[in-house]
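Single chain ahead, by itself, as structure tokens, in the form predicted on its own.
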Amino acid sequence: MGIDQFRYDGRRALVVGGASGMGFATAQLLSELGAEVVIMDVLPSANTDATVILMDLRDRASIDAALATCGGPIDALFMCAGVADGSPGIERALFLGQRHLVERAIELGMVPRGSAIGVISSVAGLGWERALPELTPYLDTQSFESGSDWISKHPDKATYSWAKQAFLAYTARQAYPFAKLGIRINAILPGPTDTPLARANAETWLGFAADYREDLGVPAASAEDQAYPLVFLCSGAARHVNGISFVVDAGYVSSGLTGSWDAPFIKSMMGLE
């Protein structure tokens, strides 16, 4: 008990998308907390404390080969991959590939009882509950290939927001069946966060809620600001937390929902306007 529950000593953590941004910060924090860290990414990582495996989430064979190289156990699995809207294969990188990796690792017995999965989604995924009737047929697809086939028949859903909503709905839906296996799953929804990917799309990503942050006198979140709650959710200290979507945005969504800050876009996303 006590403070040791926040640490990762003796645990092995896999950070998917750990080469930069929030994933890189997550991998660094895990190392500081005592974990043995493995990073999977399409790009090399400068993290010298981790084992790095190159892998492309858009390619099932690449995922399977990376898992074979990684082996188990995976005591904490962090799904941190990020790409911008409009990127080729966005639905595979942000949902289908990550879903396949999670389920294949579990199927292979690499994720033991007592493990946890942490997902980075986005406030762009807000309103998934309202969209659940549309999301359910997509979530019901049983494989990487059938999910890709579903998207090919619904090309308007090959978007950043749809992928983020899908992963949040998946997180909620899998809380019970994964818990039966002794595995927890939770997600964070970052607000604007200063990462290389966000800076490359600064007008859209860092411009979002800029007026709110300016009024409060706070900057956009750092990658570390998102890594802290994500790592907590997979720690022993959060052992009774399962299936949640945890917004990390300095209060913008809550303020917009309640009207203490004028953010009609948030109410619209949640179906309240």
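Since the structure is predicted, the reported quantities are computational estimates derived from the model, not experimental observations. Position 1 is the first residue in the sequence shown; the rest follow in order.
There is another form of this protein, the form predicted in complex with a small molecule, and it is not shown here; the text below is about that form.
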Partner contact check in the predicted complex: of 234 to 242, 66 to 74, 29 to 37, 49 to 57, the stretch with a heavy atom within 4.5 Å of the small molecule is 49 to 57
Checking 163, 126, 117, 81 against the small molecule in the predicted complex, the residue with a non-hydrogen atom inside 4.5 angstroms turns out to be 81
- Could you tell me if residue 17 has a non-hydrogen atom within 4.5 Å of the small molecule in the predicted complex? yes
- [ ] Although the small molecule is absent from this view, report whether residue 205 comes within 4.5 Å of it in the predicted complex, heavy atoms only.
- [x] yes
Check your understanding: Do residue 193 and the small molecule share at least one heavy atom pair within 4.5 Å in the predicted complex?
Key -> yes
Just checking whether residue 172 would be counted as a contact of the small molecule in the predicted complex - the rule being heavy atoms within 4.5 angstroms. no
